[in-house]
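Presented below, as structure tokens, is a lone chain in the form predicted on its own.
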């Protein structure tokens, strides 16, 4: 075991966790990332709709890594699974015994006419803290009119995040006594992809006088000059400000063999073992893989522990567990499901909102010291397994 070379690609939650876990076993761990900073992505919502400072949610990657992890600030450009080699953009060749790709998803603004121009004008709260600041600059200046949050595609990080944006924006405008309506354009027949959970969310939205929504709305294009969103059926919806959730694609890494990636560039994995298809020494965790579950920090977290255990010879498997918070200013629910159970019934409560705040406070320390914090997470995840919560919900 000791001395085995492990290459980790990506400085997000999954990459940091698995690096810190494996280096503690005596392995030679190298992490490659082109971003020297790690930021808490869900905080983009607080930046975009509360005006909070991005600096509060940033840490250097180096500060979150065990000092024994070798950090290379570069972009991985090529990965040869058969020969166990990788190449960085600056030409550094790396060999490994195990590779773990945790490179996240790539934001695609070119698959919808007008999306890139809209992003440049209004930003979003998916891609970066800087883009979220752009949203806040728009929201904070709006006195009246309509803010639209549009969802062109359902394969996105944190599926409840569009709804969170709607609630937080509506509450901001209400508190500021501004005559602004917030409208959600959603492609599913229900306001959320799961019908029963959609009823809970829809009921909460109806309690706001300044929230509107449209389901089964498929966005075709955006006309920024006329300020309209155009649907596939030709319907046009006028807006004063528009935040579009970008399309998500797999990371920009040239993987050999090419068959290891699907048509959208996501890396194909066994959904439970998380190994890259046909390879037992290569894994992909978090947003970059094609596992049929939500692309969330929880998936990256749990995936990191599964891979760590599997490399150590344990028969660990990922259950597909999700735990996505859907928050308002003072209440929340959690979207809890796994491969074998649909999302359990939920009720909005203040306690769940406090739990989300507690998780935010634990986030950075839990990345740096995963073994110390794992007993806490184990207690929570075990107590809230979908088969335990069952039909009664939570």
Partner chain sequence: MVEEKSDSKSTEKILALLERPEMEEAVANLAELLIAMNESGLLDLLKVLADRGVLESLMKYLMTPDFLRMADKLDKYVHVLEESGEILITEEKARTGIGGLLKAMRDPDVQVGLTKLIKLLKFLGTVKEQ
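Residue numbers count along the first chain shown, from 1. Every value quoted in this text rests on a predicted model; they were computed, and no experiment measured them.
The next section is about a form of this same protein that is not shown, the form predicted together with the partner chain.
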item	value
Proximity to the partner chain in the model of the complex, single hit among 50, 341, 368, 70 (heavy atom within 4.5 Å)	70
In the model of the complex, segment of 88 to 96, 240 to 248, 293 to 301, 182 to 190 with a heavy atom within 4.5 Å of the partner chain	88 to 96
Touches the partner chain in the model of the complex: residue 28 (any heavy atom, 4.5 Å)	no
is_contact(residue 351, the partner chain) in the model of the complex, heavy atom dist at most 4.5 Å	yes
Partner contact for residue 360 in the model of the complex: the partner chain, 4.5 angstroms, heavy atom	no
Residue 329: touches the partner chain in the model of the complex, heavy atom cutoff 4.5 angstroms	no
Joint contact, 62, 347 and 380 to the partner chain in the model of the complex, by non-hydrogen atom at 4.5 Å	yes
Partner contacts for 377 to 394, taking the partner chain in the model of the complex and a 4.5 Å heavy atom cut-off	379, 380, 383, 384, 388, 389, 392, 393, 394
